[in-house]
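One chain is shown next in structure tokens, namely the form predicted alone.
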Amino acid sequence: MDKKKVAIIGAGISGLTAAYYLKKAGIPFTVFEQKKFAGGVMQSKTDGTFLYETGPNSGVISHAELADLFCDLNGKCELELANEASVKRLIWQKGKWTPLPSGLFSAVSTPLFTLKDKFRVLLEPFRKKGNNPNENLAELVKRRLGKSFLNYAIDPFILGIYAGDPNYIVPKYALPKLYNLEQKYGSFVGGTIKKAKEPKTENDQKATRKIFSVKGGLQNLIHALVEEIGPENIQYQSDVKFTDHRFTAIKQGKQETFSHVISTGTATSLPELFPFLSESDLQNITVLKYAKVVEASIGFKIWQGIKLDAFGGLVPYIENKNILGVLFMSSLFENRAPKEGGLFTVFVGGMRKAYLADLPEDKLKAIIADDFKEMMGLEKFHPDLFELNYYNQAIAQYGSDSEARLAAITQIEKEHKGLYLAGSMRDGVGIADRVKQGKELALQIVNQS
């Protein structure tokens, strides 16, 4: 242990989680962060009236590691599960919101899907499984369920997670659980039924799939991690690069040597961080695409629009609107807006409408206001809070190039023992994915002889 010393690049949730578990194991480390603060895009704000997020708005307890982290941080920050309204999801179709089916009866009666595709679902368990690992999501869904399911269920779903394009996203890498349902069980429907009957491990039981936040905002999770790992172990406004000789960090002319390096930044940051890696080493990594997204926080002290009894609404690309979706934050979590008010998060841009994210703020606000008024049942649009946050590299896109990217990462890590290329370029883009990755990397280093 005394020979190990770890550099962690990035004080986002991945880096802080890794640092937390290294600290517990007694392994020295330094976190290098370019910004003046920790948490990356995971930031919470309040103006005294509204409590809102400027990055991720919520997460899903999809991995046991996330549940374990909150258990470990008990008393430092408090997990907040979404209200029952989170079960209901709305889809915009032909000028109105329609609930996404949650059971057999609603799936049969919903106007979202064509009669032909409803019958196709009955035959879905009998279709042959695919044999192309790089089949994109659109092809997979049309093959097994039909085009209307793609347009009004899967397309808005993928917009909500990746702000992506189903014609680009490859399920093997972006939605491995969905991909494995077909590959392991031969069917989505049959696989879901069979999987539900299988005995659940302790970790399966921890991964409840419930929507969560943190009381007081997600940033309180960041504050708790920083407090636990020690603020003195984080160097802010820090631009570093590493030489190949035992990972020597060079910062403002000073040098410090580490046995291990965990990089959690974007793919595009790697050439500058690690100049000893050649262009040919990195070419299959740095081509990774990121969705460009603008996040709008909108608040009303007095809400006079539609009833807020859902997680929110997603807008299928086929409906040709400008916004990707609206989250009803004040119906999900407590104390986000005044009792008679409403707090919302609206997303704009994504892979297919990135040009909207390049518009001046006044023009983009006008576009958002038009869609919001129509969809949320308002005669006038006079919010008490209307703030935009721009993210040029918001969400990594897992397409058919993922196989080559993952192979390149594996090869680099094999040739440069102790170097880990992590972050959202692999292993998923959700909060739980990042926590799982950070903990696993820390434990790998802890358990190395």
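Here the structure is a predicted model, which means the values were calculated and not measured. For every residue, the number given is its place in the sequence shown, counted from 1.
If you look for the form predicted in complex with a small molecule, you will not find it shown, but the lines that follow are about it.
Proximity to the small molecule in the model of the complex, defined as a heavy atom within 4.5 Å, singles out one entry of 52, 420, 32, 29, which is 32. Note that among 404-412, 44-52, 391-399, 378-386, the stretch whose heavy atoms approach the small molecule to within 4.5 Å in the model of the complex is 391-399. Heavy atoms of residue 347 reach within 4.5 Å of the small molecule in the model of the complex, making it an interface residue. The small molecule is not shown here, but in the model of the complex it comes within 4.5 Å of a heavy atom of residue 264. In the model of the complex, none of the heavy atoms of residue 259 sits within 4.5 Å of a heavy atom of the small molecule.
Heavy atoms of residue 233 never reach within 4.5 Å of the small molecule in the model of the complex, leaving it off the interface. No residue in the set 150, 154 and 171 has a non-hydrogen atom no more than 4.5 Å from the small molecule in the model of the complex.
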